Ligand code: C5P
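Quick heads-up: it's one chain on its own, the form predicted on its own, in structure tokens.
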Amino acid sequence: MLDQAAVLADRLRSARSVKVVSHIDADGLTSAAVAVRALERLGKPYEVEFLKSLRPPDVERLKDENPDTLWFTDLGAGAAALLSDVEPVITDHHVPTAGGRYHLNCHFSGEDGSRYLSGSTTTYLVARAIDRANRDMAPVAVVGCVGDLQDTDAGRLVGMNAAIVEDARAAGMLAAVDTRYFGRETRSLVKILQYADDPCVPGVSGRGEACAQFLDGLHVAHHHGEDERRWGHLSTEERRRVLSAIAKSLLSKGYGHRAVRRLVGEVYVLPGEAQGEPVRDAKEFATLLNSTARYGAADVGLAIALGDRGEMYARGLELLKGHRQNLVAGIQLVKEKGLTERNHLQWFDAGSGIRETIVGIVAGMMYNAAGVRRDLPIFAFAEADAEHVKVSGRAARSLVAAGVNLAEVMRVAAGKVGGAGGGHAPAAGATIPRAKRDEFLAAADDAIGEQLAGRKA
């Protein structure tokens, strides 16, 4: 991996100019930020474009533009076969369709692209090979990696990501052992417990009044005067009291030690950022970035990832408010519509009710809703344009362990109906013709059934 990163670095050093093409999620934004900083330090002219996906028409348009050098970050692996004639630089972690002289991807080393490296950390390896000064972008790369949920399974970053965390430490980021519940910096204690889902707090999560009563019973104040207390306001003893009580509740309700172990893990903090701001915690930083490019404001997200804490940051915070509201509305919409089950999957069609850019997030969040089966992947559809729909798939890690690979399912099922898809084993997506939705579902259902039968055999 490091030898190949050096090959890509040499190619970029020799470029006259570079066009960076990246994805619109937190991993894509931070990938682009790392690439931009490296190119700025090289003194190379550059431009940046963000795409929801890299479809064949996009490939042909980019070729027609005939830039000196194309650099795909967190994109490109799925279209590598279509790009071979222009020999782009690709730093990606999705399942590749082909190799390439300037393609860096952990799958070529037999590693899992959903855990070993993300788009941002893959891009960081090249930036570091260009100039060791780019090690100061390691914290930004870690934010993208966490935004891609690469720390979820183990409760910390593993693989080569873990080595990059060490660079991030040297650049000032802290990796601390603490609760992994979302909202440590910005949510009140009551809200943290109310929205706790991995693991939930039995009899408490989802009920604001019960959360306050839970804290009262532990003699942990959730207000200081008129102000709500946040996790960072708690003393070490108060934190221990809260986590111990949750652990006892989980065990008493039969959740088991695995759920208890997920209460704490490695969290990534940027101590140079102000307390109470989302950019101080890597998870919340990533959510802020997701709320920009997914709503057509990639320039805002890129500026924030590059360090803007002025006008662009203020715009990002406003977009974050809207993003949170849209997620809540999306979950409510799915609860009202319900999920339809097939033999090996469950699905919902949001139509135009949920943006195609966030329907995958909503699908993943539905696993924590009451009554939703975790033993079936969730497929979510949303309107893409007049003729196409976006489909996003999510599978619990237990399903992946049983043999489910949604990247392969999307590639095969979408291909059968004239679409295109790919991604990772637990999370993947595709764009298909609107009229082919049911045909796609049948093909996906069959593909998952074959995967599960193959593992059992």
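All residue numbers refer to positions in the sequence shown, first residue = 1. Only a predicted model underlies this, so the values are computations on that prediction, with no experimental measurement involved.
We do not show the form predicted together with the named molecule, though everything after this point is about it.
- The partner is absent here, but in the model of the complex a heavy atom of 360, alone among 88, 183, 96, 360, sits within 4.5 Å of the named molecule.
- Residue 428 is the only one of 428, 413, 395, 33 with a heavy atom lying within 4.5 Å of the named molecule in the model of the complex.
- Figure note: of the listed segments 396-404, 417-425, 40-48, 60-68, the one touching the named molecule in the model of the complex, with heavy atoms no more than 4.5 Å away, is 417-425.
- Heavy atoms closer than or equal to 4.5 Å to the named molecule in the model of the complex belong, across 267-283, to no residue whatsoever.
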